[in-house]
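Starting off, we have a lone chain in the form predicted on its own, written out as structure tokens.
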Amino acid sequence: MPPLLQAALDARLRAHAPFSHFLVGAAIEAEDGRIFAGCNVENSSYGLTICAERTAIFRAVAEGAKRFTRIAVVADTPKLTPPCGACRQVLWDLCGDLEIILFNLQGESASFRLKDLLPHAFDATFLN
């Protein structure tokens, strides 16, 4: 198992999802090869829940990583589970057009570029 995928699988098992029981793990790879994992953390006020992808990227940034190459997202769903809209926006702003690797526990996987999941993205260029 590649280290990035294993980190996402391991993180999934640490998810705090007492309401949805939807465990998600993510792991993002920095340009220097470091891997940062994250899981979803639910709150009884669903709006305060944070997704695995954002947990992973925020952890990476907090630990000093600035440039990223790819992220793996793992969920136990028959269909591969892509990042939600909020995660796509955060990933675009902090990572640009990185590779997104989706994986499920049945062994299915697929790889996408973020620009294909978030066409016509809004970013800081619109703020100038």
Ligand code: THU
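For clarity, every value in this text was computed on a predicted model and none was experimentally measured. Quick note: we count residues from 1 along the sequence shown, nothing fancier.
Although not depicted, the form predicted in complex with the named molecule is the subject of the following passage.
Residue in contact with the named molecule in the predicted complex (any heavy atom within 4.5 Å), chosen from 51, 101, 37, 30: 51. Using a 4.5 Å cutoff between non-hydrogen atoms, residue 81 counts as a contact of the named molecule in the predicted complex.
By the criterion of a heavy atom within 4.5 Å, residue 11 is excluded from the residues contacting the named molecule in the predicted complex.
None of the heavy atoms of residue 106 is located within 4.5 Å of the named molecule in the predicted complex. Taking the partner from the other structure, the named molecule in the predicted complex has a heavy atom within 4.5 Å of a heavy atom of residue 42. Annotation for 12-31: interface residues with the named molecule in the predicted complex are 20, 22, 24 [heavy atom within 4.5 Å].
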